[in-house]
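Just the one chain here, the form predicted on its own, laid out as structure tokens.
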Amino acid sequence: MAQRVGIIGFGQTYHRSHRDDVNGVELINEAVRAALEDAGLTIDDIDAVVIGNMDHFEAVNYVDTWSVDGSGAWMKPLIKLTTGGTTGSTLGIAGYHHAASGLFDVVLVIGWEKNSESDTTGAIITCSDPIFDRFSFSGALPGLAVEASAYIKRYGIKEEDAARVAVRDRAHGANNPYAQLQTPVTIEEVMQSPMLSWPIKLLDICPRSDGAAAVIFAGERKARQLCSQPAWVHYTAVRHSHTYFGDVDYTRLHTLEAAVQELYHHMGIKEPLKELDVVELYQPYSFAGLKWIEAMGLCKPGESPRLIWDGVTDMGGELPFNPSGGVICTNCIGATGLLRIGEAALQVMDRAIGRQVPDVNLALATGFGGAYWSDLMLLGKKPW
């Protein structure tokens, strides 16, 4: 029988550019132990496990089998999922549906990545069509640069506007002890950082991180029994609409637009800027922090710089974005979307120590990846 679902535990590793102190199994186990401790559970309380990462980036497959000593999935139902950059959010949505189905009461979801042992650019180059895509999408960075330049041309956005987004998230990341990058930066430092692929500079882009995250979902009866304040799942939406990079309209993020429109319609949200309390946006570079909040319907196209410069999305603003520092501060790809879900859950549960937004009732987490795919999960303080 279908059941309502809440998040009752969240754990993450300390994210760094290199975690040479652990192997993959140990990195996964670090997050699992943290999540179990957060929920006050043991591995015996877990009914099923969902795990994933960008396995083709590492050229090491079957994480569901070789990581069992770390995940604790021995003799438990286990599934591996991977959907490119959206892997983390896909994992979270799958964990929710596993519990909502009524087949399982308590589901452990694990995302992880050791980017220090992978070749992200090489993987993306080889997955892009050699004739139609590779000339412009030779890795993540050139593709994002195409999007940013198209956006600048359409709306006259300035590079300083994007720099302000990076400044915001780096300031927030300074409050997160788990973040890889915890040093604030200034507009001038962003603008003077090395140019990577115009208009993207070094401090505009996310790092490559080693890290893992684990989130525990529970059906309503167990959630109420095990947690005084679960973060209840209100809605999920998925838009994996494109196959080829060349099919994408780089002036808009159609997948995010469609996903949020579905969510807003279902939830009766008319004014998201006022009705949402916090957003953890999967935002791998600064220009996305402008264009994608427009896709979320928070303002008209081309008007996002005003919100950013006015501090609307800062801590203390009307709708804080990325209190954790977001992807600009930490990017362990297979875990990145799951981190957004876990950090949003902490906000709803009033347990985001050092980075808590006051009075959070609704928190939105997003995922991003592939040919500009988008996933969403809305969490609330009360069951829906």
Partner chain sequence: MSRSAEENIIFDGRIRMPYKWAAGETSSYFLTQLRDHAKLWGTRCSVCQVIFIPPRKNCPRCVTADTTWVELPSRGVLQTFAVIYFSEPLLQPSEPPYIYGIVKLDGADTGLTHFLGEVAPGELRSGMRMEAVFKNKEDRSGLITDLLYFRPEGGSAS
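What you see is a predicted model; the values in this text were computed from it and never measured. Positions refer to the first chain, counted from 1.
The same protein has a further form, the form predicted in complex with the partner chain, not shown here; the description that follows concerns it.
Engineer: Just to confirm, R351 within 4.5 Å of the partner chain in the predicted bound form by heavy atoms?
Structural biologist: Because no heavy atom of R351 falls inside 4.5 Å of the partner chain in the predicted bound form, the answer is no.
Engineer: Does the 4.5 Å heavy atom contact test between N23 and the partner chain in the predicted bound form come out positive?
Structural biologist: Yes.
Engineer: Wondering, does E160 line up within 4.5 Å of the partner chain in the predicted bound form on heavy atoms?
Structural biologist: Close contact is absent here: in the predicted bound form, E160 is far from the partner chain, nothing within 4.5 Å, heavy atoms only.
Engineer: Report whether the minimum heavy atom distance between E189 and the partner chain in the predicted bound form is within 4.5 Å.
Structural biologist: Judged by the heavy-atom cut-off of 4.5 Å, E189 is well away from the partner chain in the predicted bound form.
Engineer: Among 225-233, 120-128, 162-170, 294-302, which stretch sits within 4.5 Å of the partner chain in the predicted bound form, heavy atoms only?
Structural biologist: Heavy-atom contact with the partner occurs in 120-128.
Engineer: Just to be sure I understand the contacts: of P272, G143, P284, G72, which is the one whose heavy atoms reach within 4.5 angstroms of the partner chain in the predicted bound form?
Structural biologist: Contact residue from the list: G72.
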